[in-house]
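Form predicted on its own, single chain, as C-alpha cells, below.
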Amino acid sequence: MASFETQLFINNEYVDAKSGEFLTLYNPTDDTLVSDKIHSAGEADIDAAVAAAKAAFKGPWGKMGPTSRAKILFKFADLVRQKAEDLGKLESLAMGSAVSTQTLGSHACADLLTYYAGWADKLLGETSYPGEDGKYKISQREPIGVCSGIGAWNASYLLFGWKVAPALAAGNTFIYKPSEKSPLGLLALGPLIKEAGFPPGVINIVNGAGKTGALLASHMEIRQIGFTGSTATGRRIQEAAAKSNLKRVSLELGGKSPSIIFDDADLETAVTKSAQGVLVNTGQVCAMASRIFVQEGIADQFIGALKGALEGASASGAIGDPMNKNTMVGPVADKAQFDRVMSYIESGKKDGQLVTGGTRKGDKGNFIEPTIFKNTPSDAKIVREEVFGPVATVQTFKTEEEAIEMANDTIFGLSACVFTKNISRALRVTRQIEAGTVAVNDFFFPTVDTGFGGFKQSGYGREGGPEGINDYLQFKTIHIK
C-alpha cells in the first residue's frame, strides 16, 4: 500500500486543499507514520465542493432521468465490488480493522448502491380525483438538493453507502467527509466515481477533522446532513444546522446495547454470538451488545464459556496483523482510542470483577486483549458509557421484568439482543425493549433492505431499507383547478 490518494476529491478531480492544512495518520498496528500530508478542507474548499454539487444538481444530474441515474449507480456498485479487497486494505492501513472485515464493508457499500439504484425510478407520488372543491390534487416526492454526510471511522464504506446511495437515487448531489482517522479508503473511490459516469460535482469527498465537519453543518447552501458518530458531536451538528439554515439532520449516534440471555437459551449460540460481538471489528461497533444480562441459573456456566471463547480466540492467533486474511481482530483505531479504552478498563477494575483480558496485547501497536467484567454495579462508568472497544460487562437477573428494566436503564437505544427458545417470550420482550433494532438469538447486523437507527440519545432517522431514502426526499402537494 505504498500509493494512496491524499488530496480532496471535488468536481471529479483530486485537488489540493486551499486551506494549506494537513492531517497526520499513523498505522495503529505499529504506530509508524502513514502520511502527514493528508489534505484537510477549510472554508474555501467546502465552498468549492458546494458550488460543484449545486451546479451538478441544477445541471446534468438534476436533469437526468431516474433510469439513467440508476444505470450509473449500478455501474459504480460493480466497480466497488471489483476493487473490494484493495479498498479493504486501505481501511486496514488507516484504522487497523481486519482486512477481511473491511473487504466485507466494501461489498456492503456495493450492495447498498445496487439496492438504492433499484429505487431510483420507483419514487412515485399520488393523485386524487377532484372533490367538492373542484381541485385536482397531486403529491410528489422530490430531491432536496445539495446533501452532505459525515462518517465514523469504524465502517467507512458501509456508512458511505448508507448516506450517498439513497441520496443519489433520489436525485440529490453529495459532499461526504470521512473520519480523519480513516480517510484513505473513501478517497480511493475517485477514479471509480468518474469511470461509473457521474457528472462532475455529483459526489465530492473532503477530508478533515471536526472543524471541517462544522463547516458542513453550518453551510447555508447545504440542505441536509447525515452524521454517524458520538452523541456529543451529534448535538453540535444539530445545533449548527439549526443556527444556519435549518437544514435537515439525521443522526446515528452512540450505543450501549443490552443482550438478554434467558435460562432456556441455546447456551452455545449465546456464547458464540456474545464472543463475536466483542471481537468483530475489535468491538468498535456502535450496535455492539456490550451490556450482557444473564439469568442467574446459567450465569456461571455462561461466563466460564465466554471467558474460554475469548481467551481461545486470543491464543489462536485470531488477534494480530490486520493485513493477514486469517486475522479476525486487529488493533483499535489509534493511540487516542487505545488510551480511551484502557482508561475505561482501569475504571472497570475498580468497580467490578475482571473475568478476562484487561491488558494490552503485545508490546507494540494498539492491541487490547478482549475484556469481560462481572459483578459491576449498574451505575459504574463502564456500564453507563460507550467504550467502543473489545470490552463487555456481565450482570445477572432473576425475572423477565427485571431483565427488561435493566436493559432499558440507559440513555441509549440503538440495538439489543434477546436469547431464548420461547418465541412468545421473544416477541413479548422485543416489544418492550427501547431500541431501534433488536436481534433474537443473534447479534444485530444491518442488512441493506431494512432500516437501521436508534431511539433516545442514539439518534433519529433510518439508514438502509425503504426508510433510508426518506431523509433525502421532500414532499410537495399541488392543487389544480
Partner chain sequence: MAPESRHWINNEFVESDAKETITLHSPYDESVVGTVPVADEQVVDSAVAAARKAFETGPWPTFTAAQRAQCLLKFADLIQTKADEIAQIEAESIGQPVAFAKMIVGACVATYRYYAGWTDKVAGESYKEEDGTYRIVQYEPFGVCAGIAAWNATALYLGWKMAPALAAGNTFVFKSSEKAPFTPLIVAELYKEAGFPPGVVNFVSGGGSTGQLLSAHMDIDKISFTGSGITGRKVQDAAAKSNLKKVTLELGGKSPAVVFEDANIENAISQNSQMFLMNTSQVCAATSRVFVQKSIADKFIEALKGAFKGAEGAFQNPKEPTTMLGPLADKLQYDRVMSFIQSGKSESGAELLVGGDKIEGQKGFFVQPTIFLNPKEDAKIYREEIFGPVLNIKTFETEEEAIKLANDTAYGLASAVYTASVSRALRVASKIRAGTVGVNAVAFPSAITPFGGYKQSGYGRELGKAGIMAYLQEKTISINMAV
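The model shown is predicted, which means the values in this text are computed figures rather than measured ones. Residue numbers count along the first chain shown, from 1.
There is another form of this protein, the form predicted in complex with the partner chain, and it is not shown here; the text below is about that form.
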TODO: Identify which of S347, T396, T114, T356 has a heavy atom within 4.5 Å of the partner chain in the predicted complex; exactly one of them does.
DONE: T114
Open item on the list: Within 4.5 Å, heavy atoms only, which of P377, G304, G118, P191 is in contact with the partner chain in the predicted complex?
Closed with: G118
TODO: Quick one: find which of 69-77, 407-415, 337-345, 309-317 has residues within 4.5 Å of the partner chain in the predicted complex by heavy atom distance.
DONE: 69-77
Open item on the list: Since the partner isn't included here, can you check whether the partner chain sits close to all of I423, L427 and V448 in the predicted complex (heavy atom within 4.5 Å for each)?
Closed with: yes
Open item on the list: Considering non-hydrogen atoms and a 4.5 Å limit, does the partner chain approach R431 in the predicted complex?
Closed with: yes
Open item on the list: Since only the chain is shown here, I'm wondering whether K381 would be in contact with the partner chain in the predicted complex (any heavy atom pair within 4.5 Å).
Closed with: no
Open item on the list: Even though the partner isn't displayed, in the predicted complex is K211 close enough to the partner chain, meaning a heavy atom within 4.5 Å?
Closed with: no
Task: Residue contact check: R236 to the partner chain in the predicted complex, 4.5 Å heavy atom - done: no
